[in-house]
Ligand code: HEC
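The chain below stands alone and is given in structure tokens; this is the form predicted alone.
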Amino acid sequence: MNKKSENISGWQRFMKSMTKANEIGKEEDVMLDHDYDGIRELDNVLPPWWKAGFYITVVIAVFYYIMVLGFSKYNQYDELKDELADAKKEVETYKSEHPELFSVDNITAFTDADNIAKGKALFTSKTCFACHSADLGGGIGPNLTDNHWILGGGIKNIFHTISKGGRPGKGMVAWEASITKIERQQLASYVISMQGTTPAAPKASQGDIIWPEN
């Protein structure tokens, strides 16, 4: 060991042991015969830290591969199913603890101007007018101002149709995934508030359900 090696600090010795780097000035000791346009190649060894990381990665990969194959309890697909089942239970528990947020038994139509105005704004922002016309007289969709209903009139039926969507294949989406319960209630209340109005070009009545009943 030369004097220079004796004088290096403990940290420097540690870094040298982890990298196995050759000292500057001793390149000739590890110089290869390869010559690429005057560029010579050094035969440096792989750093110990790199090899340790590689071996650890191989061990983890083998362990992971075995686990994924199902040789143990751990399995990603089963874990996903379990988590989805747990999530479903949590949702049902939350619904049972907060029935006022999900039950439609206590749904009533708003009659105050503020909620009706919000329902009208929703009718416009959610482009309901594209199928039912701006004055609810109907177009692609049915007239919402008469007393004939395909899926039933009244706050609960209209609220349900808005929440779950219209008839299959008719294009009306289920809005419960994108607007709140109170917003659906406001929207249904606005539709009810327009009962008996006179649209500019009303569509012929559709549906065998008469509401309100005579």
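Don't overthink the numbering: it's just position in the shown sequence, from 1. Every value quoted in this text rests on a predicted model; they were computed, and no experiment measured them.
One more form of this protein exists, namely the form predicted together with this ligand; it is left out here, but the text below deals with it.
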Counting any heavy atom within 4.5 Å as contact, can you tell me which stretch out of 43-51, 29-37, 145-153, 58-66 lines this ligand in the model of the complex? 145-153
So in the model of the complex, does Gly141 come within 4.5 Å of this ligand, heavy atom to heavy atom? yes
In the model of the complex, does Cys128 have a heavy atom within 4.5 Å of this ligand? yes
Could you confirm whether Arg167 comes within 4.5 Å of this ligand in the model of the complex, counting heavy atoms only? yes
Please check if Thr161 has a heavy atom lying within 4.5 Å of any heavy atom of this ligand in the model of the complex. yes
Suppose contact means a heavy atom within 4.5 Å; in the model of the complex, does that hold for all of Phe123, Met172 and Ile179 with this ligand? yes
